[in-house]
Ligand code: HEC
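First comes one chain, alone, set out as C-alpha cells in the form predicted on its own.
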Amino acid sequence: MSNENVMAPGQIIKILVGVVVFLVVAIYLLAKLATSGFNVDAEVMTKEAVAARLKPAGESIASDAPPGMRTGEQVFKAICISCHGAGLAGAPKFGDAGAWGPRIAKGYEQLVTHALAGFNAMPAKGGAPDLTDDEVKRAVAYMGNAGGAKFTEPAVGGAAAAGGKIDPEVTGKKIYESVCVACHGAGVANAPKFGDKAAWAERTKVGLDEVQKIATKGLNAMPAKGGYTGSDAEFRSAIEYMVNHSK
C-alpha cells in the first residue's frame, strides 16, 4: 500500500494549530460584536436611542403647553423641523427667504390650507393629527415670518387672549384632558371626580369665583392651578368645564 497520502506529524500539528487560531479569532470577533466593539457608540444602542430612531415621522414631541395651546415656535420645533429644518423633500427651509418668497406670495390662507390638508410630500398637519387647526396656523405664521412674511399667529387661548370669553367646551376641555384628568378623572387624592354631582355640589356652594381662588392657590394635595401654567382665564374655563359636566 502507498504512503503518499499519509500526512506527516508536522503537517497535522500545523493544521490543528490553524484550526485553534481560527476558533480563537472567531470567538474574539463574536465577543466584540456582542459588546459593540466595532466602534459603535454604546449610547447609540440604548433602548431610548433606538426608540427615538423608530418614532413615526411627525410624532409630537411633548412640550410644557397643553394640547391646543402650543405656539408656532413650539409646533415647529416639535414637528415641522423634521423637514423644514433642512429643506427635505422639497419643503422650504426655515429662514430661507428665497424659498419662502413664492409661497408667501400665495397668501397665508393658501399656505394654511396646504398645511392642514397636506401638499405634495407633506402629509396633513405635517403628520401630527393631534395638532389643532390653530396650532397648525401658528406654525405656518411662524415659519412664514422667518422667511420674510408678516403673518399674524392665532392667539393662544383663542377668544380669551383677544379679550373675549373662552368656551369651556373647547379650551376648558383641552386643559382638563391634558392636566386636570390626572386627578379629577378618577378622584385621586380626594379630588372631586369628574361627573360626580354630589362631590362638586359640595365644593361649588361657595361660588365659582371662590372655587377658582382656592384652586389657583392650590389646596391640600393639589398644586397651584393643578400644575397648569396658562392664563387664569384659561384655567377658569377648565373649572367651568368640570362643573358643567357635574350638574
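Here the structure is a predicted model, which means the values were calculated and not measured. Note that residue numbering begins at 1 and tracks the sequence as displayed.
The next section is about a form of this same protein that is not shown, the form predicted together with heme C (HEC).
I'd like to know if residue 18 sits close to heme C (HEC) in the predicted bound form, meaning any non-hydrogen atom pair within 4.5 angstroms.
No, residue 18 is distant from the partner.
Does residue 94 reach heme C (HEC) in the predicted bound form, with heavy atoms at most 4.5 Å apart?
Output for residue 94 is no: heavy atoms all beyond 4.5 Å of heme C (HEC).
At 4.5 Å between heavy atoms, is residue 106 in contact with heme C (HEC) in the predicted bound form?
Yes, residue 106 is a contact residue.
Heme C (HEC) contact in the predicted bound form: residue 194, any heavy atom under 4.5 Å:
No - in the predicted bound form, heavy atoms of residue 194 and heme C (HEC) never come within 4.5 Å of each other.
Partner contacts in the predicted bound form for 210-243 (non-hydrogen atom within 4.5 angstroms of heme C (HEC)):
Contacting residues: 211, 214, 215, 219, 220, 221, 222, 223, 225, 226, 228, 235, 238, 239, 242.
Did residue 229 and residue 131 drift closer or farther in the predicted bound form, going by a CA distance change of 3 angstroms or more?
Distance between the C-alphas of residue 229 and residue 131: shorter in the predicted bound form, by 3 Å or more.
So the CA-CA distance for residue 151 and residue 232 moves by at least 3 angstroms in the predicted bound form. Closer or farther than here?
Distance between the C-alphas of residue 151 and residue 232: shorter in the predicted bound form, by 3 Å or more.
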